[in-house]
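Taking the form predicted on its own, here's one chain by itself in structure tokens.
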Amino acid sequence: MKEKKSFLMIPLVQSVLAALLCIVLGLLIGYLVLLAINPAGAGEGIVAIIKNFWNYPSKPAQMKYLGNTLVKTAPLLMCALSINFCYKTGLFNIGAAGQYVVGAGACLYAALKFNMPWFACILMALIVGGIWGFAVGMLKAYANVNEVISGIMLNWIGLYLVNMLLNGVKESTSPYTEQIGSVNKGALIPSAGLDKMFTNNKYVTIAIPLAIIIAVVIWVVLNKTKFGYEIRATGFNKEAARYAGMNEKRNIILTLVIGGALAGLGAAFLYLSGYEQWSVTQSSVPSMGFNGIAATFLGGLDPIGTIFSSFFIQHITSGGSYLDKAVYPSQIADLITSIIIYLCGFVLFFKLTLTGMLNRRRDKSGKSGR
């Protein structure tokens, strides 16, 4: 007779429990930091971060600011998928931040300099992001340069190249690029009526459902296709994959090209909504690519789980703006996110510990039942 598998032994259940544990511990440590800064308002502060758009009393205002959170969730999800996809091949694509940057530069330049339509601007971001990933992949496959080192170097190269490029399309009185809505409305991603669902929030576009669809497609590719099988096999054991006839170098390069294209696409989803303008004096790489690391690991390295974890990470990040700035720094939200990233490193440990405990309990009950 087949033994019934314990509910807690199911990998998905263990991943969800591990993610929830990371979230609870991250919020708890964040609360302790607030407590150390000013005990009087610590409780209200952590609640304000968690509530985010629910801090507003009216339903229309809540929906509008929920829309803002979703606008920034779409690019975060794409960066998380970029890191997730590459991780399946055993690659840590920390260069997703730079791929995001060059994607932003490509779509903004195409929109503001050449007046291209939104779909052409998206295609430019996707291509240039893929090229940036290709550079990392070539260095890894043929020169055995660690992708973390080359990725970090290309992050900064990309940042300063984009700053120089976009200097030609910035406003005359500020360091920010021109507003797409004023220069080329055709470059704005259409809302298709979604804006009306969020109190006429004009920044809510089809980028949000597109990002979710792409996450589902990535899951299908990784789990239901021959290419996805080869990607995962290469990640598990490169030598075994090569012995089985798989082209290891091609898989590494192609994975990083796709990862770069996803990160570049994420930048297009944000900047072509009109929500933000690029500052040509920017001296640090945007955090979106790095926050993608938290989202992908918190999501259990699963594209579907990453949809929910991306929303949570962005929810907490946006919630930091509701802290009392006279008392607490808004970077507390970033601290909580960083702690969650750190705790995600213990997810495997948590799973192994839980599985060991359940196996010991099962063995003990089996012996007593004899």
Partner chain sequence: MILLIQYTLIFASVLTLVALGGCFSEHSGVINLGLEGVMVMGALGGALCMKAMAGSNYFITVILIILVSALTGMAYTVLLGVACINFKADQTLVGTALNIMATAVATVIVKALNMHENPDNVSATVQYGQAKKSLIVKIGTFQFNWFMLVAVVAVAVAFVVLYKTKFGLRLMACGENPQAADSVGINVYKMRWAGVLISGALGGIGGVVYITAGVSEWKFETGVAGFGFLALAVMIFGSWKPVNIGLAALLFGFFRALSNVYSGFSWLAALKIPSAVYNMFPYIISLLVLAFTSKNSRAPKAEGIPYDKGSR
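Positions refer to the first chain, counted from 1. Just so it is clear, the structure is predicted and the values come from calculations on it, not from any experiment.
Although not depicted, the form predicted in complex with the partner chain is the subject of the following passage.
ask   = Honest question, do V33, S150 and F290 all end up within 4.5 Å of the partner chain in the predicted bound form by heavy atom distance?
value = So, yes: the whole triplet contacts the partner chain.
key: Answer option from I253, L139, A233, I218, heavy atom within 4.5 Å of the partner chain in the predicted bound form   = Among I253, L139, A233, I218, a heavy atom within 4.5 Å of the partner chain in the predicted bound form occurs only for L139.
query = Exactly one of L27, V47, I37, A61 has a non-hydrogen atom within 4.5 Å of the partner chain in the predicted bound form; which residue is it?
reply = The residue in contact is I37.
message = Just to confirm the contact call: exactly one of 157-165, 194-202, 238-246, 253-261 touches the partner chain in the predicted bound form at a 4.5 Å heavy atom cutoff, so which is it?
response = Among the candidates, contact is made by 157-165.
query = Even though the partner chain is not shown here, does F308 get within 4.5 Å of it in the predicted bound form, heavy atoms only?
reply = Answer no; every heavy atom of F308 is more than 4.5 Å from the partner chain in the predicted bound form.
Contact test in the predicted bound form: G41 vs the partner chain, heavy atoms, 4.5 Å = Although the partner chain is absent here, G41 would stay clear of it in the predicted bound form, with no heavy atoms inside 4.5 Å.
key: 4.5 Å heavy atom contact, I304 and the partner chain in the predicted bound form   = I304 lies outside the contact set for the partner chain.
Y328: touches the partner chain in the predicted bound form, heavy atom cutoff 4.5 angstroms = Answer yes; at least one heavy atom of Y328 falls within 4.5 Å of the partner chain in the predicted bound form.
Sequence-ordered list of residues in 62-89 near the partner chain in the predicted bound form, where near means a heavy atom within 4.5 Å = Only a single residue, Y87, comes within 4.5 Å of the partner.
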